[in-house]
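Considered here are two forms of the same protein chain, supplied as structure tokens in two stand-alone entries, structure 1 and structure 2.
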Structure 1
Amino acid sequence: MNNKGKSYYLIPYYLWIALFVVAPVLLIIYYSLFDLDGHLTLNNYLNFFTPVYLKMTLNSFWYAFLITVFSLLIAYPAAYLLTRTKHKQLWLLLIILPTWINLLLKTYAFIGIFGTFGPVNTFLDLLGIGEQQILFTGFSFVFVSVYIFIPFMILPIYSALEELNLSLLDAARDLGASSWTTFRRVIFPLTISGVRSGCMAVFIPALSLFMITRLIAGSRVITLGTAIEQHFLVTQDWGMGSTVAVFLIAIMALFMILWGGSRKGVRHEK
């Protein structure tokens, strides 16, 4: 079959994209142009550039950044060890297993674990550190989010590490590279694609987290996701909610482009 014939196969895919990706984005942009009384306006966009929303944007970024960094710090060594274990499939299953449990349930469990009378505080008490406020802090927010996102970081890194040609490592050693140099110059650059897709799979959803901000952080952390939820469900100000969503989409797209671009950069270096 020639190339032309093959492109027909893409039609269902394009249909899908048009209906469920392009159309909703266009609708969001359309809604963002209306104020509460249904008048056409750009005021929503001006409103976004007020301290409240700018601070919220910075907040969202800062926390999404923290969540991604900590997930990566934990996931990379974990994925590396995973490729070295005997019962890979079993370990992999154990890592994926928590994602089968409803997000809300896991979050609720943490309210109990981190609570004033929860097991963590009992343990701290035993150690003589005494009771700490863990729930409703930025720390607990990052901790729970990292816990939730870690499988999405481990999986792409794991598959990148699996594809790594082991003889390259032997070659590096033969040529006198220390294990740190081997990691820095051989292993990491070759698995960077896994790291990149892992970071994207974590950073982008982390930007728009909303439920955990209230349940675990007690509204101490306010993200753009929270604002969207509030505008759609409480204020019924769909215009402003859509405007925040438009910015979120734009920012995410920008990140994808930047990340995608840097890959070429790495290749050219070699």
Structure 2
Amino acid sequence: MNNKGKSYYLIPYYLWIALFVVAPVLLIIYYSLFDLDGHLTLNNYLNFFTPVYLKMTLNSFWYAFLITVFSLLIAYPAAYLLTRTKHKQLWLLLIILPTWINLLLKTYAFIGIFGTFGPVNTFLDLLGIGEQQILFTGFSFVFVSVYIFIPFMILPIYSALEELNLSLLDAARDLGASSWTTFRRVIFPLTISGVRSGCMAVFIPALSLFMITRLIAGSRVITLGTAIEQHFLVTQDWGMGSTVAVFLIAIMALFMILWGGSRKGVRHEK
């Protein structure tokens, strides 16, 4: 089959990209050029650089960073232990299984768990600590987000660890390397591709969270995702909401480009 014949198979793919990726982005850019009264303006873009929105941007980056770091700290040891255990497929299924449950259902489950009369506060009360305000805090938001995203961090790291040549570990031990030196000099550098993939799989979606933020953190955590939700559903200022969305899309695209460039650099070094 010639190249022209092969290109026909790409038509559905190009149509999908055009209808569900390019067209929505162009529509968001279009709406961002209008103010609340429907007048054409660039003030929305100028307003984004005010302290209010810059603080939201910093909050988004900060919480996305925390979610990514805590997910990595839990996922890497878990993935490493997973490669050393029996019945790996069963454990992988148990890790993947929570991703099949509706996100809203899991969020409401944590509202019950962290609530005033939930099991966590009941346990704290039995310890004599007393009831604590766990919901509507930064801690509860990060905790629930890490729980939601951690499978997407474990799987790529697990895949990278599975491809690791075990003879290299034996060689490191034969040369007198300690467990920490072996991990730092051999295991982690050779699995950095899985770490990168996991971090991007967590960091990018964490930047745009709004439902978990609203239900778990309430008004204590304000990010770009919640700002977009407020503008579209509460203030009805679609222009400003679209402007925030444009910047959020641009930030995500920039991170993906930088991540792709760093991966190419690592490959060239190898």
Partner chain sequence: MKQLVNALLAIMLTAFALMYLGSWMNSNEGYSGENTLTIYNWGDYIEPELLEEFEAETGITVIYQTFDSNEAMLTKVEQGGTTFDVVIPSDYAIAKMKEEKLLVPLDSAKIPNLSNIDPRFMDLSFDPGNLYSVPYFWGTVGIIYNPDMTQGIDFTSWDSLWDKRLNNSIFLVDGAREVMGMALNSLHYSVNDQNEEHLQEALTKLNKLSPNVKAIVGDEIKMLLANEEAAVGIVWSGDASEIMSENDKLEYVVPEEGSNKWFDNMVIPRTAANVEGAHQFINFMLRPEIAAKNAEYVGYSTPNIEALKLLPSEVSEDTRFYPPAEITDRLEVYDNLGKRMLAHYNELFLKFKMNKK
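Residue numbering: sequential along structure 1, first residue numbered 1. What you see is a predicted model; the values in this text were computed from it and never measured. Take the two forms, find the largest set of C-alpha atoms that superpose within 1.5 Å, and that set is the rigid core.
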Quick check on the two chains I just loaded: which one is the form predicted alone, 1 or 2?
2
Let me spell it out: two rigid parts, one turning against the other between structures 1 and 2. At which of Y53, W238, F114, F70 is the hinge?
Y53
So how many degrees does the small rigid bit swing against the big one between structures 1 and 2?
11
Where the core is superposed, what shift in Å does the CA of L40 undergo between structures 1 and 2?
3.8
